[in-house]
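A single chain, nothing else alongside it, follows as structure tokens in the form predicted on its own.
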């Protein structure tokens, strides 16, 4: 299998359903956070990377109750793997709005994997770029190398985080959470080894300038 995703920006209405679905599927943590080790303690002291004693949701509730801005709190505790960016142009009443999506493109020759000193970032045989968080030392090399600015730091697990195309769902024959949730069909997922899907990708990329192709 060669998984791939098409994002048709002409169909995107900026609702953010894909972002919410991704957070709930991949980044909402149950149970207790891992105990902070030596590396986590050093990172906390050197670069201010926080160590939490509660799950992100409980931590978020506590902070909002203390009067902190909800959007800032959620942004810090749930670093999204995909993000819908809104761009406005023109002046009232002739204002135009466009959306583009910040997400890992799972590069064939992934620069993030080349620069990782510990092998934490790797590419699966299907071509999905992954992160082994137990090997990550948060050096930031992969974040700098990423041409799409699609990597962030998971402050909960104290490691780099990114889109995985919901690999765990793909293995079960399911669609990535963002694709399944999109109400307008802006995101389409399939197997490039399937001739019908490959033809669909080719047609979309040739006929539409506002299409992201992720493989």
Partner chain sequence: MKSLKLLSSETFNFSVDGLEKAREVGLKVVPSICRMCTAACSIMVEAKGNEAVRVYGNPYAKYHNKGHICPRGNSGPLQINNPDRLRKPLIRIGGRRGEWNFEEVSYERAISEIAKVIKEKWDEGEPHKVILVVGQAAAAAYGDPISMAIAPTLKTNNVISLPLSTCIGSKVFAWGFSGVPGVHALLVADFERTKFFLSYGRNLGGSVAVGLTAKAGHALGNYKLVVMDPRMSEWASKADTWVPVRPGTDLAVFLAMTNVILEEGLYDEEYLRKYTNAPMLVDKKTMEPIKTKKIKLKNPLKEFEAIDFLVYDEASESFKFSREAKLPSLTYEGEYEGKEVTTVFNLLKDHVKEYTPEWAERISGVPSELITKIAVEYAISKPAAIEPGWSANKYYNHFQLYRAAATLSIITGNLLRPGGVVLSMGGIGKVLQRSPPPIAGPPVAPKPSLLYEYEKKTKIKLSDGTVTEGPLIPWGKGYHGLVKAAKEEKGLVIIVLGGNPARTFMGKAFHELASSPNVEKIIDIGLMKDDTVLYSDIFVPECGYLERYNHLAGIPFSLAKGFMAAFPVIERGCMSMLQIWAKVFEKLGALEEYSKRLGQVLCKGCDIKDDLVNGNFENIIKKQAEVNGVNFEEIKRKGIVYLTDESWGLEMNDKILKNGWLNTASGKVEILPIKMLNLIKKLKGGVIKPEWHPLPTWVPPLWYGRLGSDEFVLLTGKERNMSYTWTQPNPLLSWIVDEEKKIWINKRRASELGIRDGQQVEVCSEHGCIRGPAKVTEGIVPEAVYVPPNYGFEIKLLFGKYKDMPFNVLQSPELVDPVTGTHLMADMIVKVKGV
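Take the two forms, find the largest set of C-alpha atoms that superpose within 1.5 Å, and that set is the rigid core. Numbering follows the first chain given and starts at 1. All values reported here derive from a predicted model rather than from experimental measurement.
Keep in mind the form predicted in complex with the partner chain is missing from the figure; the text below concerns it.
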4.5 Å heavy atom contact, residue 12 and the partner chain in the predicted bound form
yes
Residue 156: touches the partner chain in the predicted bound form, heavy atom cutoff 4.5 angstroms
no
Using a 4.5 Å heavy atom cut-off, state whether residue 97 contacts the partner chain in the predicted bound form.
yes
Contact of residue 161 with the partner chain in the predicted bound form (heavy atom, 4.5 Å)
no
Is residue 67 among the residues whose Cα moves by 2 Å or more between the shown form and the other one after superposition of the rigid core?
yes
